[in-house]
Every structure is written in structure tokens, then in C-alpha cells.
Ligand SMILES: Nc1ncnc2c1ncn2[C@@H]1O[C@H](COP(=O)(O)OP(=O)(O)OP(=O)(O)O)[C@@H](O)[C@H]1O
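Only one chain is included here, represented as C-alpha cells and corresponding to the form predicted alone.
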């Protein structure tokens, strides 16, 4: 028979077992965390694949719908334009023809926006000085202000040095123009639009803030949802396209709004 172990030996063995158990618990915890992270990544990848499939199907449907709608729309628009030529502006019938032309233009815009949202987009990025780039876009916004006949001033809050980021100039210009035009339309008669560019950690931040009528709090969470709109003549795709382009840049867009105005913030990684 083996001699019985002393209490000290038993304590040492128990301590060794506990250390091994503790080490295995830590290892299992790390494995669990790794598996959890992989599960999150797999879920994200699955969502992206599902979204890609939905957009692909929508793209095919949109292309078919666009073809079927645009042909008759083109004919309606042409005939309406011919009618308008033969009717003097002061004739009461002219307003009905003008409404037809306006309706055709609105439908064409809806079809174009639907195609823009659903089609696959490949970015053409280049290193761009955001200050110079935004200045060129603001020139277009100032023309829009003149067209709207509003007393709106644009205030710039730009860095003194160039701030560069890799962006698709054309696509992101579409984003900026959309936000600026929304701000102009939100201001009823007079007000201010502030455009801010700054560097924050690992990304560039572009803010477009206005002093127009704010957005109802219950609408904020739905702003970037396709076909959601609070405008009578809106298509509900403008901000959805904005979100899509920002996502393609691996950036973020957020919005804050009160009765005193609305602020959109874009974050683009350097």
C-alpha cells in the first residue's frame, strides 16, 4: 500500500489542478470570444450577401421597369411639348399642359433615382483636397439659392491647411449637392447654411447644418429608408442614395434636428 499523502501534498496537488482548470477556463473564454466574433462577422457577411442579392434583383427589375416606362413617357413628353408650343402662356389650357410636362419630368426623375439606387456602383477613388473640392460644389449651391430667390448665406468653417482623403469625387459630390439642396429647401425665406470640414482621429468630417425648419423626431430614424419621404414631390430615394454612397466609402452619416435646424455629419476614413 502507498503511504497516505500529507495534507500539504494534497493542497499542492489541488492548487496545481485549480491552476490548470483556471488556464483552461481562460483558454475556453478566449475561444468563445473568437467564435462569437466570427459569428458576428459571418452574420454581417450574410447580411451583405442578402442585401447584394436584393439590390441585384431590384436592379434587374428597375432596368426592365425603366425601359417599359421611359418609352411611353418620352412620347407623352414630346406630344405635351408640341401642345405647349401651340398654346400661348396666357391661355388657361396652358397650365394643364404644363402640369403634364411637370408630371413626366417627375416620373423620369423617379426612374433615374431608382436605377441609381439599385445598380451596382464601383467607386473611382482619388486623393482629393476636401476644401478645394467642397468649394467647387458650393458654387453650384449658390446658383441654386439664386434660382430659389432666397436670402440664404453659406458660412464656411474650413481648415487653413489642405485636408485630403481618398474619395470618388463624382459620387460624393452627388451626396453633398443632395444635402445642400435639402438645406436650401428647408429654409423658407432667409437663413444660413454652415459647411464645416475638419479632421477627427482617423477620418475626415464634413458637416452641413442649416437654420431651416427641422425634421420631426419620429421621422429621423426613417430618413435613409428607400421610398420614405416627407416632401409632396419627393421620390424618397435621395437620402437612400446618399447612405449607399457613404457606405461604399466605408464611412458613416448621421443627422440631428431640432426646430432651429438640421445638421448632417459625414465621416470618411482617411
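Numbering follows the first chain given and starts at 1. Predicted model, so just to flag it, every value in this text is computed and none were measured.
Only in words, not in the display: the form predicted in complex with the named molecule, which the text now covers.
- 185 is the sole member of 194, 81, 185, 112 with a non-hydrogen atom within 4.5 Å of the named molecule in the predicted complex.
- Checking 204, 66, 237, 245 for any heavy atom within 4.5 Å of the named molecule in the predicted complex turns up a single hit: 237.
- From the list 88-96, 115-123, 176-184, 160-168, the contact stretch for the named molecule in the predicted complex under a 4.5 Å heavy atom rule is 176-184.
- The named molecule is not drawn, but in the predicted complex it has no heavy atom within 4.5 Å of residue 33.
- In the predicted complex, the named molecule stays beyond 4.5 Å of every heavy atom belonging to residue 41.
- At a distance threshold of 4.5 angstroms between non-hydrogen atoms, residue 230 is in contact with the named molecule in the predicted complex.
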